[in-house]
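Consider the single chain below, provided in structure tokens and representing the form predicted on its own.
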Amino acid sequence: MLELRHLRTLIALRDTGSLVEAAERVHLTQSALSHQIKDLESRLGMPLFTRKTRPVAFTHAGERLLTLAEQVLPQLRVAERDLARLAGNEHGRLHMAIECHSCFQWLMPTVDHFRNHWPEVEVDIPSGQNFDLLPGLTREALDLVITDNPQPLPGVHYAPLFRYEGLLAVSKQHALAGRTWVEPDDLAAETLIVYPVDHSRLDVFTQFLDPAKVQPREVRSAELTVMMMQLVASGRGVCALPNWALTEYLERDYVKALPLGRDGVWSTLYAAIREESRELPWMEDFIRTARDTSFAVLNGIKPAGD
């Protein structure tokens, strides 16, 4: 009657708060997910959540199944890891690099969790690479690269982790602070603060300013997010960052954040790995752990299909 897929669906529904996003996360259509839940409710003879609420409000029966899912699914993951070890698939090397300056918020918990469960796998984040990161995969200098800019490289697979929206952070006193969203022309007179990377790797240029043929008055770089926020809050510029990277500063009412355009600018973050690594149990587990951890610690992200 009750299957593991039901438990995974309920967890996805709780984490995302909507049927649409839960369906994306478990790789079903919304219709198929709704049918699955209605079928389960019919078997149980009771509803599991209240319709037309956001976030989803679970009934007592739904809450009980969520408790079961929280107990069973982690145990299943541990069993799968143990079986992989018994099959002799535990040894390996995971040298990774990051093209995302704001990724440590979710990546470090992922790495810590992974190390605890796969102590035999050598994990390292080398510093000071003086080469393009993605080609480093094909040369086997790296085993995984976190990137939002996939390139068509032979033998490289891009596993999507999650989707996120880019937002423009401005000071609370800024003339744009009261707007619902900003247009490219609004940045023509602004100092845009960015990470010290090539503009071709920044969504605010590639997806927002460049298509409109707009350049900001000045571009200024800063190494750390907190430095960028200090500059923005003091009125010395504006910056575009992932929505989840701004959560802490928005909750503290430090800055204001606006969508880039009416429809917003959305991007996908990927884990790039070599094709031959895709079926390694520990690599599969790292990517799954990265997804689970991201949704546990980040706000405003959405599932990304495989």
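Keep in mind that this is a model prediction, so the values were computed, not measured. The term rigid core refers to the maximal set of C-alpha atoms that superpose within 1.5 Å between the two forms. Residue indices: 1-based, along the sequence shown.
There is another form of this protein, the form predicted together with the DNA, and it is not shown here; the text below is about that form.
**Q** Would S18, H35 and K38 all count as contacting the DNA in the predicted complex, using a 4.5 Å heavy atom cut-off?
**A** So, yes: the whole triplet contacts the DNA.
**Q** Could you tell me which of 236-244, 250-258, 38-46, 270-278 sits within 4.5 Å of the DNA in the predicted complex, going by non-hydrogen atoms?
**A** Of the stretches listed, the one contacting the partner is 38-46.
**Q** Under a 4.5 angstroms heavy atom criterion, identify the one residue in A61, L28, L68, A57 near the DNA in the predicted complex.
**A** Partner contact (heavy atom, 4.5 Å) among the options: L28.
**Q** Tell me, yes or no, whether R5 is in contact with the DNA in the predicted complex, where a contact means a heavy atom of each within 4.5 Å.
**A** Taking the distances in the predicted complex, the answer for R5 is yes, it comes within 4.5 Å of the DNA.
**Q** Does any residue in 256-289 get within 4.5 Å of the DNA in the predicted complex, counting heavy atoms only, and if so which ones?
**A** Counting only heavy atoms within 4.5 Å of the DNA in the predicted complex, the single contacting residue of 256-289 is R262.
**Q** Is it true that V26 shifts between this form and the one not shown by 2 Å or more at the Cα, once the core is aligned?
**A** Yes; V26 is a residue whose C-alpha shifts (by 2 Å or more) between this form and the one not shown when the cores are overlaid.
**Q** Is A245 displaced by at least 2 Å at its C-alpha between this form and the one not shown when the rigid core is overlaid?
**A** Superposed on the core, A245 moves its C-alpha less than 2 Å between this form and the one not shown.
**Q** Using a rigid core superposition, assess whether T16 undergoes a CA shift of 2 Å or more between this form and the one not shown.
**A** True for T16: a C-alpha shift of 2 Å or more.
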